[in-house]
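Next up is one chain by itself, shown in structure tokens, the form predicted alone.
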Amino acid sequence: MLISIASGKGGTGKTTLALLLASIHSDITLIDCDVEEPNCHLFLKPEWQDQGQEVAVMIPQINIELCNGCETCSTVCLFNAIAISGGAALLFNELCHSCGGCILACQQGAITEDKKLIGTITTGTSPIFPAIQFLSGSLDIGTPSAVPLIKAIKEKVSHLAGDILLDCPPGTSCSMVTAIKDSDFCILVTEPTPFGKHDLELAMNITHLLNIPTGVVINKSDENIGDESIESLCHIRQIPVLAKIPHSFSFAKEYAAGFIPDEFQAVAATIWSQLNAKGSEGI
């Protein structure tokens, strides 16, 4: 079962939940798809298998000798990655999304493609949690889109069987959509605040559009009006609340020191029980 763990906003605790769920599983693959800020490795302290797999995208290369400055390429580029300067096309690599539209549009044959490295995928096992097979993506600084790297990670694990957990990028941007796409189930982690509720609703809209079965975990639960607001939203959207994780100073202290605390293993077990039941039902 492919299970994505996402959130409408950062800081809600999705990585914490992913680590909690993985830590009590007997055989699981955990993937850190939060490629702009991967941090699962800080807790798993994996032994990397190698130097990692470099991931590249194709970007345009402009032959100035052939370019006549007709502006066709800059007109077709939706990301303003090409401008005309001095009678010839000028490419801004950082803005290019590798769509290839400029190459198709150029009638002079002045544009070809070349590889540009955007990030690395590393694989390892944790000596602390040997049941966890771990993959992590790391996006190079200045790369405009995480989507190609996340697609490469998902392609790398597409042949794997068993349970796979995806720690997704925060928010509801293209990178989050790419990460959760084709999941068997998506867990949305939220906090009981108006901001948390607002962004949870955005994330719910995404999973609804993608037709992905969804559940919610309320982290930093206050067992008060904040929880009620989230639960009311879940009731309206017919999305189950899988669990609540309360505030805990001892948990936060241990987590901040780089450890996965045992404190909420029972909560994690409850969530797995519900996921397994859904899996048995064919979700």
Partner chain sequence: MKELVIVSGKGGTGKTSISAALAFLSPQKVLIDCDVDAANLHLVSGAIIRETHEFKAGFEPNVDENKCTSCGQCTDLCRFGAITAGVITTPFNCEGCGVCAFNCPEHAISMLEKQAGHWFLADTHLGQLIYAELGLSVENSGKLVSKVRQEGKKIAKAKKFPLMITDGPPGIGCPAIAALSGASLALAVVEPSLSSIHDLKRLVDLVAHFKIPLAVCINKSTLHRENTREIIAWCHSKAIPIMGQLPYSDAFRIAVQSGKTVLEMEDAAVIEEMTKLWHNLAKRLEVSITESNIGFFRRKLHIFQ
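Positions refer to the first chain, counted from 1. None of the values given here were measured: they were computed from a predicted structure. We call the rigid core whatever largest set of C-alpha positions still superposes within 1.5 Å between the two forms.
What comes next is about the form predicted together with the partner chain, which does not appear here.
Worksheet item: When the partner chain is placed as it is in the predicted complex, which of 22 to 30, 47 to 55, 242 to 250, 61 to 69 ends up with heavy atoms within 4.5 Å of it?
Response: Checking each option against the 4.5 Å cut-off leaves 242 to 250.
Worksheet item: Since exactly one of Leu90, Val76, Val157, Ile212 fits, which has a heavy atom within 4.5 Å of the partner chain in the predicted complex?
Response: Looking at the other structure, the residue within range turns out to be Val76.
Practice prompt. Consider Gly171 of the chain shown here, and say whether it contacts the partner chain in the predicted complex, taking contact as heavy atoms within 4.5 Å.
Written response: The answer is yes: Gly171 has a heavy atom within 4.5 Å of the partner chain.
Worksheet item: Would Asn39 sit within 4.5 Å of the partner chain in the predicted complex, counting heavy atoms only?
Response: Yes.
Worksheet item: With a 4.5 Å heavy atom cut-off, would you call Gly86 a contact of the partner chain in the predicted complex?
Response: Close contact is absent here: in the predicted complex, Gly86 is far from the partner chain, nothing within 4.5 Å, heavy atoms only.
Worksheet item: Quick one: does Glu231 come within 4.5 Å of the partner chain in the predicted complex, counting heavy atoms only?
Response: No, Glu231 stays farther than 4.5 Å from the partner chain in the predicted complex.
Fill in: 4.5 Å heavy atom contact with the partner chain in the predicted complex for all of Lys115, Ala152 and Glu263
Verified in the predicted complex; spot residues all out of contact, no.
Worksheet item: Along 164 to 201, which positions have a non-hydrogen atom within 4.5 Å of the partner chain in the predicted complex?
Response: Contacts from 164 to 201: Pro170, Gly171, Thr172, Ser173, Cys174, Val177, Lys181, Pro192, Thr193, Pro194, Phe195, His198, Asp199.
Worksheet entry | Per-residue C-alpha change between this form and the one not shown, Ala152, threshold 2 Å, rigid core fit | No, shifts by less than 2 Å.
Fill in: Rigid core fit then Glu71 CA moved by 2 Å or more between this form and the one not shown
Yes: Glu71 shifts by at least 2 Å between this form and the one not shown.
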